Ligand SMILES: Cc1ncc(COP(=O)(O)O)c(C=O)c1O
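Given next, in structure tokens, is a single chain: the form predicted on its own.
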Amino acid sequence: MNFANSQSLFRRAAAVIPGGIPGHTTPAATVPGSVPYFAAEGRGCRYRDVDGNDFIDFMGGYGPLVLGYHHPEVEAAATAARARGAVFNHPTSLMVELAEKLTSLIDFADWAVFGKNGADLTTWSIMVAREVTGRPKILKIRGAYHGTAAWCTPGHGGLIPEDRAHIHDFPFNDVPALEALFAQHHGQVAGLILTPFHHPAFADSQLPTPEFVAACNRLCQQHGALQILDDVRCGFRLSTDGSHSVYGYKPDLAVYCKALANGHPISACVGRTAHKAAASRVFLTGSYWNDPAPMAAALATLDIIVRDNIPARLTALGERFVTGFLSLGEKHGLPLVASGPPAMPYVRVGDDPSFMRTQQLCAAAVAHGVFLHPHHNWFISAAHAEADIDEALHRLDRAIHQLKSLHR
């Protein structure tokens, strides 16, 4: 598979953009030289890169494309809103309609606000927790991703110790460690922020234990701290009403983004009436945050997710994909390990601490037209039909056979 145009564009980008392609889409985070660097177009569950290579996609823009590329109903709604204008001096009625939609879907939500990225509102949510409680400390899961602000970025540049002086982390599912932090910082904890399940890069996903969920609920209530659910990656993929209902969390605030508008830029934070006044005192704005087109896209996307019970579809398709993938590993004598819920699976080569073999597997998959990421969980979309899953597995069969042949 040829990536000459991708690599030429990257050289041009590197001359005028720090790092060439910054952030999570950088080639350095995948398998440089073995994957496309630039995309051209997409439809459904497939996309084409700038070299004309076509892929069955299992990343979906790192999560937003829950319904697939260029969904006709979503795009029609966004186009109709855009035709009336963009970024007026004021919000449109779509903002009110979307807030009403979210508060009707999510059982604990009494209000909603909107931003553009998950990071906008995870950061705002911890400020709300501090405003509600008058306390400085925030507890978080070690290795969890909550965005790019200084308090949580996985990067290292540009940080000073004060950025994280009041941020304290602990291992996922570790109840004694969480209890110890609440005890150590008694009366100082404003909030606990966590993802519904743990989906770190360069590691298996971990589902929460019932004991851990119960401890999060109990300790936040006991200590008067707000529970903040970062549902940016999982929201509306695991359940039509937010992921807290799947695992039993009782959040005070929850943040949504990726699947909210099927690729259109918008995020939301919802919360309880008890914290509404405090939330109104924490400044929140952006020049483009009231743009009506993404709000129209979000309304259409949410309607489709509920109407077609998309989470159930994603689960069924994901189970078909993961079961088939693991069977291929057995067939070829390649030990594979799967983790995470079926709608958001991650499969890697077993006994591979360096991830070198997993990188080789994903590079081989890409060479056969199946886009997989070696270090990040994957995403099933509603645009995948059973035939697409089966075609992807057929291609992976050939990819694994070729990979095994190279190592004989």
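Worth saying up front: this structure is predicted, and the values here are computed from it rather than measured. All residue numbers refer to positions in the sequence shown, first residue = 1.
What comes next is about the form predicted together with this ligand, which does not appear here.
Heavy atoms of residue 119 reach within 4.5 Å of this ligand in the model of the complex, making it an interface residue.
This ligand in the model of the complex comes within 4.5 Å of a heavy atom belonging to residue 199.
The closest non-hydrogen atom of residue 311 lies beyond 4.5 Å of this ligand in the model of the complex. Among residues of the shown chain, residue 182 is not one whose heavy atoms approach this ligand to within 4.5 Å in the model of the complex. Heavy atoms within 4.5 Å of this ligand in the model of the complex are found in exactly one of 320 to 328, 291 to 299, 191 to 199, 103 to 111, that being 191 to 199. Though this ligand is absent from this view, in the model of the complex it lies within 4.5 Å of a heavy atom of just one residue from 128, 257, 138, 98, which is 257. When this ligand is considered in the model of the complex, only one residue from 223, 244, 233, 166 comes within 4.5 Å through any heavy atom, namely 233. In the model of the complex, this ligand lies within 4.5 angstroms of at least one heavy atom of each of the following residues of 130 to 166: 145, 146, 147, in sequence order.
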